[in-house]
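Just the one chain here, laid out as structure tokens, in the form predicted on its own.
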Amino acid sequence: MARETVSVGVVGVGYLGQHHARVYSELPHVLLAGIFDSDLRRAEEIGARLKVPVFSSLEELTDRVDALSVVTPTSTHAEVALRILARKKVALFLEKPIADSLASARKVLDAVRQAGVLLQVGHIERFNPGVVAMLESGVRPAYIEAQRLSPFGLRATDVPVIVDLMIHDIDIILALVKSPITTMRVVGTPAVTSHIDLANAWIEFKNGCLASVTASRVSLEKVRKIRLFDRRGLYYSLNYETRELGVATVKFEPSSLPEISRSKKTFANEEPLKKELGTFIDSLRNGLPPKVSGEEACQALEVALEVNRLAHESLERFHDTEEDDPLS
């Protein structure tokens, strides 16, 4: 039997956390029981806006709920999750990335398994209807090209662009290809922060698929696109922002030029966060597996951190070459 109502709290009500709280207040079968933020003034502002209780401690909020969304800085995800599970066995929704290191991510997974609770991680692009359509079509990718570019802003500058932005496309590509990675070649550089701000990764998979992934937070314009060439003669082109999915089919006939047919579909403008949190609640109410598991999130993080390491290696090689150049 499904639970009739789930009581939920939100930990961290900054830029994204405030929207978690708002969406929970709008979802059926959900009671938004309260919020907590280390910035009490901010918590009181959001609490007043949504007319929900504000708690003075994480432990106090944990005691009142069945589930919690953790929307705090990445560096605190593991610490907060472990504090919660040490207090009470509640379901967790952790914003992406699952943690700031593999060691921390694995501690979270171990604690979740020991507690026997639901964990879903916030890889929101999995809920883009164009991505859903590609996944459901049974694609067999031969080549993928993804671009995720943003103008510079002050949000998430405490982590590399690979962990902030590129990890979205890494997660989607891993879900599409379903094959181990054999080789990665990466270039990257800081531009306005002390972290890598723009990077390109060339990824080769055991099944022969190739992927080129670019991320930047110092772009002049916002770009969110992925293109996929399928082994069955299909070509997909998705604009994440406009939710427009183009599909081209190539047919080969003997002694004639290839015939290309094109189609385009624009999906309805549904709020992805509402779909994402809605599936979390559905999984909790009905005892279903999460749409994005902790193990999948850990795999995406592992690849992202390796891309970041290789980006730093490429930067060091560049500096070494500059120092050896007699004309520099």
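What you are looking at is a predicted structure, and each value in this text was computed from that prediction instead of being measured. Numbering starts at 1 and follows the sequence shown.
What comes next is about the form predicted together with a small molecule, which is not displayed.
Here the chain stands by itself, but in the predicted bound form one stretch of 131-139, 240-248, 67-75, 207-215, 67-75, has heavy atoms within 4.5 Å of the small molecule.
For the options 115, 124, 175, 91, the one in contact with the small molecule in the predicted bound form, meaning a heavy atom within 4.5 Å, is 124.
Of the residues 111, 198, 80, 186, just one reaches the small molecule in the predicted bound form with a heavy atom at 4.5 Å or closer; this is 80. With a 4.5 Å cutoff on heavy atoms, residue 230 does not count as touching the small molecule in the predicted bound form; it lies far away. The shortest heavy atom separation between residue 305 and the small molecule in the predicted bound form exceeds 4.5 Å. Taking the partner from the other structure, the small molecule in the predicted bound form has no heavy atom within 4.5 Å of any heavy atom of residue 225.
The closest heavy atom approach of residue 266 to the small molecule in the predicted bound form falls outside 4.5 Å.
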